[in-house]
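Below you will find one chain, with nothing else, as structure tokens; this is the form predicted on its own, and questions on how it binds or moves follow later.
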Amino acid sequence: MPKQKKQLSTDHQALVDKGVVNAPDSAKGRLLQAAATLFKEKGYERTTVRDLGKAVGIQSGSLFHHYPNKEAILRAVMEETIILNTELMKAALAQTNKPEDKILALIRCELESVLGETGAAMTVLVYEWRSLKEESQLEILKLRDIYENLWIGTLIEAKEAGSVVIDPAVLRRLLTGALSWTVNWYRKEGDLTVEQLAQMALSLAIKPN
């Protein structure tokens, strides 16, 4: 029975259509997802090219039709997840006006990235980026800065509007820790939805009315 094509959000599908990111069910998309899972579970150094080939059902040598080496696959995993989640955040921000709604949109996007399909890649981004060569590290840091500047800009706007009282840089660090840690305890099958969790996180970030 053929595997059912994965249903993407409208914004995600638009990025695939524009060629910004790979389709999850494409050859490259499946390789990057498998690599993210293996790098998270086994670590980058302990994951072999044979492991990667086996995970996507191809000969290990065939991987090099897509990427020149294992390090290039690691970099692609990181680039793909940062670019995807940055663009999804931009799209979410474009649909809001109030500072509180903008913060909620960012919280929601980050929770969905951490707890959803890019969760493994997000973990790899945090723990394995030093496995990249220096040149690749610098490129990943540039992409990360774009992502973080969306957050900082939104929090500064909220502070100027009186919705936030904590220093934006400090608040961002607090939210980063809280949101990323949810992967260790949140269960989708529980009573708490991601939207409810996002609302709770928002209440920690903004000044009570």
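Worth saying up front: this structure is predicted, and the values here are computed from it rather than measured. All residue numbers refer to positions in the sequence shown, first residue = 1.
What comes next is about the form predicted together with the DNA, which is not displayed.
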- Query: Is Q33 close enough to touch the DNA in the predicted bound form, meaning at least one heavy atom pair within 4.5 Å?
  - Reply: no
- Query: Is the gap between G61 and the DNA in the predicted bound form 4.5 Å or less for some heavy atom pair?
  - Reply: yes
- Is K159 close enough to the DNA in the predicted bound form to count, meaning some heavy atom within 4.5 Å? no
- Would K70 count as touching the DNA in the predicted bound form under a 4.5 Å heavy atom rule? yes
- Can you say which of 178-186, 141-149, 165-173, 61-69 gets within 4.5 Å of the DNA in the predicted bound form, counting heavy atoms only? 61-69
- Within 21-59, the residues that have a heavy atom no more than 4.5 Å from the DNA in the predicted bound form: T47, T48, V49, R50, I58, Q59
